[in-house]
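So this first bit is one chain, no partners, the form predicted alone, shown in structure tokens.
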Amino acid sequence: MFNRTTLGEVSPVLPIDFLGPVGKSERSPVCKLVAPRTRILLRDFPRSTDFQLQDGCIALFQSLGDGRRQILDILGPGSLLGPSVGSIAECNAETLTFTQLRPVAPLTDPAIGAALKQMLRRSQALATLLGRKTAQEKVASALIDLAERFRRPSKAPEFQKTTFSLYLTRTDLADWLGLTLETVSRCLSRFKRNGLITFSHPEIITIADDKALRLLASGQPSLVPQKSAPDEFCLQSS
């Protein structure tokens, strides 16, 4: 399923009662289906309930006073959303595709501890990515991360390249990686031109050369095979 939302369209805000706690009469938690590009205000979340993503993609972000947005993390299946996340930082969330949320009981569901540990590791990795990596390394790292979590099913995965759904727009990627829209687009075009990725649709990406992409993401561009001009993989700072 694709994200068809037009860039710049005003995001609807999810009614908080939609994500209210499960009623006592219900025997099991009910998954909530949320439409793409729906804004979720974490500060208004029911304080007694956390939610775990069953399917879909959510951007966790902070808005600056001048309107700029910094995406803190991209949440995929298994990630946690709710008071446990909202209390860490003043942030909000936005669905990037159709997303299923399942209520989980705070402090009693073992999935919460695992999800929080995963989010802490991702936050630490993001600090390194934003502070030390070059533009090409950032985009390469993002593609690897997204490919691992949003891989599309394949009938014969052992014979095919990794293909994944890119729920983020180019602007989303820029806000996540601390880059400009132009830099993100330039990096993706360069990766495609050099055979690291392929795509005929902006929302479906295939990793054509996983080894080369990982070398680039890890800061070893000198080991990446040169398939085009000699300076194709020269490092860019922005």
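Residue positions are given as counts along the sequence shown, with the first one as 1. As the structure is a computational prediction, the values presented were derived from the model and not from experiment.
Another form exists, predicted in complex with the DNA; not displayed. Remarks below refer to it.
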**Asked** Does the DNA come within 4.5 Å of any heavy atom of L81 in the model of the complex?
**Response** no
task: Indicate whether R39 is a 4.5 Å heavy atom neighbour of the DNA in the model of the complex.
output: no
Practice item. Using a 4.5 Å heavy atom cut-off, state whether I74 contacts the DNA in the model of the complex. Key: no
Residue contact check: L179 to the DNA in the model of the complex, 4.5 Å heavy atom:
yes
In contact with the DNA in the model of the complex (heavy atoms, 4.5 Å), from 163-171, 115-123, 144-152, 97-105, is stretch 163-171
Interface check vs the DNA in the model of the complex: of T49, Q54, S185, T198, the one with a heavy atom inside 4.5 Å is S185
